[in-house]
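The data below hold one chain only, encoded as structure tokens and taken in the form predicted alone.
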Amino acid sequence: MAGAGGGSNDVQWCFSQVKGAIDDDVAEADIISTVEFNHSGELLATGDKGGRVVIFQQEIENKSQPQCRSEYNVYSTFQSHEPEFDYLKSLEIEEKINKIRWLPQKNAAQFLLSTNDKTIKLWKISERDKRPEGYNLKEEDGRFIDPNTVTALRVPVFRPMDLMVEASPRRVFANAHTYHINSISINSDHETYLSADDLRINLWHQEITDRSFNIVDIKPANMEELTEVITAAEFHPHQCNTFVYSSSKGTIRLCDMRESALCDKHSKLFEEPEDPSNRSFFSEIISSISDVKFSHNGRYMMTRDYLSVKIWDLNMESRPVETYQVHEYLRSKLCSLYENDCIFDKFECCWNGNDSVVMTGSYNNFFRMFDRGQRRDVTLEASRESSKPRQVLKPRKVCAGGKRKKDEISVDSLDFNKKILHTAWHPQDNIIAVATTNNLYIFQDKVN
């Protein structure tokens, strides 16, 4: 598998770290709900169902020992959202973090957006390693001094102190979504971002919290006529006027904000005709797109539906240029997956640094990688059994039926409670972060 650096040499993935408790009985609040690297890859943020954000920082590599790969250690932990109650609608608003997006770094501090179902917050993450001393009108413990007792003026100085990382909320963007927010995406103009819920997409300015512009509204006048919902939305990485949004019907619409203020008329519609031979009761459910991601170069976009990953060329709307089957062996199991609600799971997908490999999750804590150049794929597993330092991950194979080979696992013995919905790839290196239920696994390519 070629990695972020490309090339035809096979990348061997090996275990690096695992974060989180080992206990079998998992607290609901500890379930990871989003994973995101920042633009340099030095920081890795996770959000969970308890409304917490945990940021890991990559340690500086030891230059004298290149085989010692840098590890990620906890940098900052803070409570981003609290549970709320909407008294007008008698609805509980849970604190679960749906998405985290890092802003491009402009100074020493880092900024990120985090959102739950209703409220988006802008957080500043900053370091303090000095503190002021020698005030004229107050003691070191903060008590004020009577000005009449001051006989000499002192110049306050900064003294070194232990490093302290502070997370402070700088803006709160609220009251703009009637339905649950499923996406936030930062624009390449570095000034605006979008937020999408089931029926509307809003455009925000990062400095203005009390108003947003509604740029897409698919809510019908009569809700009984509702046929589809918005499932994901993202800005183009280079063209600040272009964004896409996907729907539960398996379509992707590309919109240009230069055309009109309300982008109800799309510029392009990406849709693949359905294969009549695969038509079933579940066709519409499994065609719903759970994630859409532009490639870093902006030429392609990737979509994830229940059974496959598709790569679309922005210049060709009629069909995807590449289709990868993630777990085709589940097609015969759709009935039981419908009964246990797994068919509604929303898997995310991600690109590697140079867009040559794509990755997405599956069940049984499996995750899949597809090498676009070599048309090769691999299934790997995130498990405690293969979590010795620098242990190479063995490719896994699932037997769909017939005689099972020695190293294969039967499709009937897959654990559907163990699923990898959230994955992230370091923007420059072959380092990936994979979230199982309440654990974060970090894997790196093997260094010889």
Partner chain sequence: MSEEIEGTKPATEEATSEEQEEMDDKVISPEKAEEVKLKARYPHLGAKPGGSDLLRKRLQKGQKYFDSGDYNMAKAKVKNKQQPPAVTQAEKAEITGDHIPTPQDIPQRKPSIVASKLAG
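Here the structure is a predicted model, which is why all the values come from computation and not from measurement. Numbering follows the first chain given and starts at 1.
Another form exists, predicted together with its partner chain; not displayed. Remarks below refer to it.
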Looking at the partner-bound form in the model of the complex, is F85 within 4.5 Å of its partner chain by any heavy atom?
yes
According to a 4.5 angstroms non-hydrogen atom cut-off, is E92 in contact with its partner chain in the model of the complex?
yes
Is there a heavy atom of R396 lying 4.5 Å or less from a heavy atom of its partner chain in the model of the complex?
no
Is M223 one of the residues lying within 4.5 Å of its partner chain in the model of the complex, judged by heavy atom distances?
yes
Heavy atoms, 4.5 Å, its partner chain in the model of the complex: which of 100-108, 208-216, 262-270, 328-336 makes the cut? Say which one.
328-336
With its partner chain left out of view, choose which of V54, L421, L414, L43 has a non-hydrogen atom within 4.5 angstroms of it in the model of the complex.
V54
Out of S185, N365, T231, T303, which one falls within 4.5 Å of its partner chain in the model of the complex, going by heavy atoms?
T231
When its partner chain is considered in the model of the complex, the residues of 280-295 having a heavy atom within 4.5 Å of it are S280, F281, F282, S283, E284, I285, I286
Between E225 and P276, do the C-alpha atoms lie closer or farther in the model of the complex than in the shown form, with a difference of 3 angstroms or more?
closer
